[in-house]
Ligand SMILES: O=C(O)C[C@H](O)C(=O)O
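Encoded as structure tokens, the following chain is the form predicted alone, with no partner shown.
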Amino acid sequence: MSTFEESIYRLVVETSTNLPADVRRAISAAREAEDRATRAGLSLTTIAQNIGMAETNVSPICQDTGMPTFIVHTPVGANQIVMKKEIKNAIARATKDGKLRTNSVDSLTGANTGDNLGPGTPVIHFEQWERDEVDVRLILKGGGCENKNIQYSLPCELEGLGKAGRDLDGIRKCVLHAVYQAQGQGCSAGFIGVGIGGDRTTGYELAKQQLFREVEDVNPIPELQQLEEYIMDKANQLGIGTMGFGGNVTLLGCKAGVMNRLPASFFVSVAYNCWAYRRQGVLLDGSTHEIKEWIYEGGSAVPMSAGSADTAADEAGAASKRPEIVLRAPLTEEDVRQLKVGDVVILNGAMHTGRDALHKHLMDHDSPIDLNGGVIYHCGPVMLKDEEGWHVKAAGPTTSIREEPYQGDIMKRFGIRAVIGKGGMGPKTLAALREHGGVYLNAVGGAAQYYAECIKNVEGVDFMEFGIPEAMWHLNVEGFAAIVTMDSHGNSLHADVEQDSKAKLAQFKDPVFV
């Protein structure tokens, strides 16, 4: 293995398993802004624990390690063909070692390549510069937050905000709307990059490039500095909060860039990133390709542990205010009918993972196991196998709304009583929960190490032909905590928060930047 390949491998592992210091400081500040006894406070405590566990275990912070995207600056004359090959080798090695999930899927057949390599995977952008060193930066942006990216073409009409024109005030409205439409489905509290201008392609590229900036930097363009500060203030007045549970902190960072455009086009592109803001970079010696320095301050500078005795006491006090309902799967209708929105549930017993491929399959086929009273977990885990069998390396929830066309029908057909995921589901599922006697439990998005710790053993697996993330894993869990956000009585926390945040969004309708 070349030194360059080894340096890239180290970069991939560090990016996947250890959040940099600037991101940790933003999350710590969010914890201070929330009451520890609230749903948002509970979620942020879990997030902090997960960050520390991922660093200690050298395992993925979130099981969705996203689409690896590199920006590489090289000296003139560097062999980019060889560099690209060695970057791919490093990605394949990190995948084999369980530092990345197998995320590269054929768009036509659905087949998973198993090594994160394939047409378009990973994404590698090369740029030359006049320095001797090699600068390599990597971002791992998961699918849940990638799905909440959005692009606006001005002028346009925006829900709650009215007309957005081709000016700074129109841009302001687009960015606020982008935060609102994400709700909790992108694992809020999150970070956003904003690209103003360009064409449809370069606008999105510019937006994602902003995510490589330091959280605490100041925009050198006064108008954009003012915009960033405004968005940070007003977005955190929407009340969406962590995981969309409601709360004081919805946005952790906003960075905006601008480029020229065509007279006929005016795009505002927003790249949404979850709290698990995994980006890092290395500066390599131009001759040896050894790592000279890390671009972003390392996470060890900002520990995420409870810290002082006073803080630990606060955590214990907050926990005592949250009554917990302990249930063992399989569940009965009586078990779930007693639950109501806001309850904290501790699950023990059998659990089965199921994502897009499984839900589509179960619409027309029998289940390989009896699911009566069962619990389905919307999760695509990171798994490794040795001589003792399969082991769960990371296992947080995936965004549930993708299963809305299937979920209610599948629950009624197979007798499933509980679904676990993140971000909530829609009216069809809510109606099925009420009719059938089911419950939706929201786990903390991105907390892949926290939940992997709750999985005591893997009982088996079906549908490996779907690929590891989409297979149906049969798990035994103990102490798996989640919050009831949709109950069997027709109540949905997600619908309530969305309605409330929409009303708050409307107060920012009037012009600000004129």
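On a predicted model such as this, the values are computed, not experimentally measured, just so you know. So that there is no doubt, residue numbering starts at 1 and follows the sequence shown.
Form predicted together with the named molecule: not shown, discussed below.
Trainee: Residue 143: heavy atom within 4.5 Å of the named molecule in the predicted bound form?
Mentor: Yes.
Trainee: Flag residue 380 as yes or no: does it have a non-hydrogen atom within 4.5 angstroms of any non-hydrogen atom of the named molecule in the predicted bound form?
Mentor: Judged by the heavy-atom cut-off of 4.5 Å, residue 380 is in contact with the named molecule in the predicted bound form.
Trainee: Residue 399 near the named molecule in the predicted bound form, any heavy atom under 4.5 Å?
Mentor: So residue 399 counts as contacting the named molecule.
Trainee: Would residue 355 show up as a contact with the named molecule in the predicted bound form if we use heavy atoms at 4.5 Å?
Mentor: Flag for residue 355 set to yes.
Trainee: If we take heavy atoms and a 4.5 Å cut-off, which stretch out of 62-70, 24-32, 454-462, 481-489 is in contact with the named molecule in the predicted bound form?
Mentor: So the stretch in question is 62-70.
Trainee: Could you pull out the residues of 421-437 that have any heavy atom within 4.5 Å of the named molecule in the predicted bound form?
Mentor: Residue within 4.5 Å: 422 only.
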